[in-house]
Ligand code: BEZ
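Only one chain comes next, encoded as structure tokens, the form predicted alone.
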Amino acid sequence: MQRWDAERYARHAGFVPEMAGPLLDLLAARPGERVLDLGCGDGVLTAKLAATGVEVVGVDASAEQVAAARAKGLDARLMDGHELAFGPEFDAAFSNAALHWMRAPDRPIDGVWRALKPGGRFAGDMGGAGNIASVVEALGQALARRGFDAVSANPWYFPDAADYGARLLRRGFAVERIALVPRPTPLPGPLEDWLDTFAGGFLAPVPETERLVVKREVTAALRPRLVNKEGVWVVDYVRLRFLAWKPT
């Protein structure tokens, strides 16, 4: 199971909201609109929107992250993205770097559909096919060497445009655009910090006393591929970015 430490997330994953500019451009929220932030995390992006005069409601499945968002004065609610409990009250919804944690993807899509008013829009940026492929491979090999099933341990769902686009269409959305976007991402620190922040679910089957060894194995395997000449870790992120509409 993935557990979130809000302080560690802010320290090691600040690039997540910082790189959300293209998603906010897609969303194009206007002052006075009511917007749902699905997977709001610690609320950094939520606060950025709220500062422009948008009424934002953030939801997240992590109590620690919701507490951090509320500490910023935001309307943040503890809610699993698979179980959204809203009627048609939002002009728009968006999700940044959260949908790939929701392994039953049709359920959050259905929840967003129910939450949107007719004519509402849904903008998303999530891990897509090929996202962090080198990291997934190295983690999988480290687990396999210890007899663990890497496929069942993988906490992420990284679809291609055809897969996710079809799911949106089946629910009734009109898909304006959807595409995979390669986005090599420099990390603010060592890969082990990234693994501590994001790969808890992948490492869960490994005995706690052996997790540091696994992280060091993964780091050693990936250093030749992911560390640039300046000594910065640059991970092979691929985003699936989309904009869809609920018909009037």
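From 1 onward, residues are counted along the sequence shown. Only a predicted model underlies this, so the values are computations on that prediction, with no experimental measurement involved.
Omitted here: the form predicted in complex with the ligand. The next part is about that form.
The partner is absent here, but in the predicted complex a heavy atom of 158, alone among 158, 90, 164, 173, sits within 4.5 Å of the ligand. Among heavy atoms of residue 95, none comes within 4.5 Å of the ligand in the predicted complex.
In the predicted complex, none of the heavy atoms of residue 116 sits within 4.5 Å of a heavy atom of the ligand. Residue contact with the ligand in the predicted complex: residue 121 places no heavy atom within 4.5 Å of it. Put simply, residue 132 is close to the ligand in the predicted complex: some heavy atom of it is within 4.5 Å. Using a 4.5 angstroms heavy atom cutoff to the ligand in the predicted complex, all of 101, 194 and 239 count as contacting.
Note on the interface: of 219 to 227, 51 to 59, 194 to 202, 65 to 73, the segment with non-hydrogen atoms within 4.5 angstroms of the ligand in the predicted complex is 194 to 202.
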